[in-house]
Ligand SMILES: O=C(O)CCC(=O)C(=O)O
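Here you get one chain, nothing else, as structure tokens; it is the form predicted alone.
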Amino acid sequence: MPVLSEQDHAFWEENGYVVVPEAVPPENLKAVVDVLWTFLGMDPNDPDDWYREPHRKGGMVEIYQHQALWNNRQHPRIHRAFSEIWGTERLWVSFDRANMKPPTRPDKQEWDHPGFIHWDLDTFARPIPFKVQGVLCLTDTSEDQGGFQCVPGFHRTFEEWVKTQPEDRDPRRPDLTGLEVRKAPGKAGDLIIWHSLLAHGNGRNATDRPRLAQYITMFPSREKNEEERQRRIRAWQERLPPIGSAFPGDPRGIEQKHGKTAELTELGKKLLGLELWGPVETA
């Protein structure tokens, strides 16, 4: 059965993002939430304990290869959703981080993250490659909880909009003058997938609850690139951030020192690149 309906595809084309409900089972969500609090060494029931290292401003959690993260990456419904957008099942999954953004508090101003709108690609590039990104809501996330926000439909109007911009504009941050930013709430288990040309970001957490999320995306496998495939396998085996990426990683090295290499399903092995999807296509 398809994951995305005709209405979902129409919404995607119009707005540049789509929400996949119940993308993973509730027990998968709880497992990641528990892992994040343990990894951060914080008490989830003590709000005063949410504002210290190794946490980073903006909420990024430098965890990459834990079994709980992989259980979501290799869940069939997640893969199916991305495959319906890409038009192929032969995908690789990203080794993205998680997020725990604590609430804004007057006595914790150094942790105040006002939110932002940006692109994760260079919009000076021509042609701009088609990419998608995704985030999984680990808990219910209200509009004012610091979750996903975007300029809906901007992927369609970008080329006309850019003609009105100065030549020295920021290629990764748009001038929002005249643009509407929409906040997208999500229920626990919702996977939000968006077009990378969509100006997007996350907002300020104005509630009394942390925003908890896991970033996941997929892209066509690059099985002909044996060097990249081996880098991915090594990162999984040694529990590392994506090798060659700008991700800083955890300075404590907890995953490397105390972690266990994640077990993969048959689907997970293909999403990693450990096993090929089939004969490698040659030009």
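Residue indices: 1-based, along the sequence shown. Since we're looking at a predicted model, the values are computed, not measured. The term rigid core refers to the most C-alpha atoms you can superpose between the two forms while keeping them within 1.5 Å.
The same protein has a further form, the form predicted together with this ligand, not shown here; the description that follows concerns it.
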{"item": "Partner proximity in the model of the complex: Gly201 to this ligand, non-hydrogen atom cutoff 4.5 Å", "value": "yes"}
{"item": "This ligand contact at Arg211 in the model of the complex, heavy atom, 4.5 Å", "value": "yes"}
{"item": "In the model of the complex, Phe82 touching this ligand (heavy atom, 4.5 Å)", "value": "no"}
{"item": "4.5 Å heavy atom contact, Gln133 and this ligand in the model of the complex", "value": "yes"}
{"item": "Among the candidates Trp70, Tyr215, Trp50, Trp37, the residue which, in the model of the complex, approaches this ligand to within 4.5 Å (heavy atoms)", "value": "Tyr215"}
{"item": "Among the candidates His118, Arg182, Arg105, Arg90, the residue which, in the model of the complex, approaches this ligand to within 4.5 Å (heavy atoms)", "value": "His118"}
{"item": "Among 174-182, 110-118, 158-166, 70-78, the region lying within 4.5 Å of this ligand in the model of the complex by heavy atom distance", "value": "110-118"}
{"item": "Within 4.5 Å of this ligand in the model of the complex: residues from 159-196 (heavy atom criterion)", "value": "Trp194"}
{"item": "Threshold 2 Å Cα movement between the shown form and the other one for Phe247, core superposed", "value": "yes"}
